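One chain comes next, on its own, written as structure tokens: the form predicted alone.
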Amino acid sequence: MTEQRVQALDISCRLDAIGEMPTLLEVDKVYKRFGGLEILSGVSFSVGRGEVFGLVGPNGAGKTTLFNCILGIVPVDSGRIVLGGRDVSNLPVWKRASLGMARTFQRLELFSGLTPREHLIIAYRTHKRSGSILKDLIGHGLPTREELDRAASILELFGLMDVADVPVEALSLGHGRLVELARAFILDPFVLMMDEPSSGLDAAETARISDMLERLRGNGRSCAIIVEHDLDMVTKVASQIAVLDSGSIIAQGDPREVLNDPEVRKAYLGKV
């Protein structure tokens, strides 16, 4: 058996195990320093199946650093990142992705010249490791029926069928965000990390993203962590939120209760 096949079977077994876990992501006493400056000071929280977890806080609170530590872009100095019961703190980004972690970006990361359908097919093919560079180069890398059907189901879910074959550069920012979210969904992740999904969107476009996140809460299989400045959106979609200030969580729980907390109001407004 080839090494690649062994790795694929190993990952499959780990995914099966993660699929049984009620808590999908645990951040345990995470510390991070840059030079002499402590950015994260013992941050801890957990996110369960079917939850949308909002991570909010004033500028400079450490949200982006924490987001990148969870993804593996930035190494933690101490503490643990646990995915489905497995400590992934020392794993690179691609291994965390293979175990069921996906992300979207604050700035759109889409490929000009490709349609939404093509974005989804490529993502699905990469995830399944079913592609072939040689076949693509000689024009034989046509989508399979499975790839087409899977892409169509996700496009339908996200309301993108009307623009499925339009180059992404011709789409609105709101549609682009939906394509990026759909591309993450087609990977069937256990943990979806979203960096300011409402950034640059108007009210109608934000509502569409919110609707999709509310659907995620109902699927009972995965969870999402969103870093977001739009507190109205977070209040609508999140099961719970944590407020980060100066590298520490100062409040956590039900969104409405947390945002009415005097310490939280002081962190945002400078006064109670």
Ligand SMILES: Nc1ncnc2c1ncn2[C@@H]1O[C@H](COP(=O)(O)OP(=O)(O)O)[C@@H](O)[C@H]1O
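Given the structure is predicted, the values throughout are model-derived calculations rather than measurements. Each residue number is its position in the shown sequence, starting from 1.
Although it is not shown, the form predicted in complex with this ligand is what the next lines describe.
The closest non-hydrogen atom of Thr64 lies within 4.5 Å of this ligand in the predicted complex.
Shown alone here, Leu216 lies farther than 4.5 Å from this ligand in the predicted complex, counting heavy atoms only. Taking non-hydrogen atoms only, Ile39 approaches this ligand to within 4.5 angstroms in the predicted complex. Contact check for Gly60: a heavy atom falls within 4.5 Å of this ligand in the predicted complex. For this ligand in the predicted complex, the listed stretch (51-59, 230-238, 206-214, 22-30) containing residues with heavy atoms inside 4.5 Å is 51-59.
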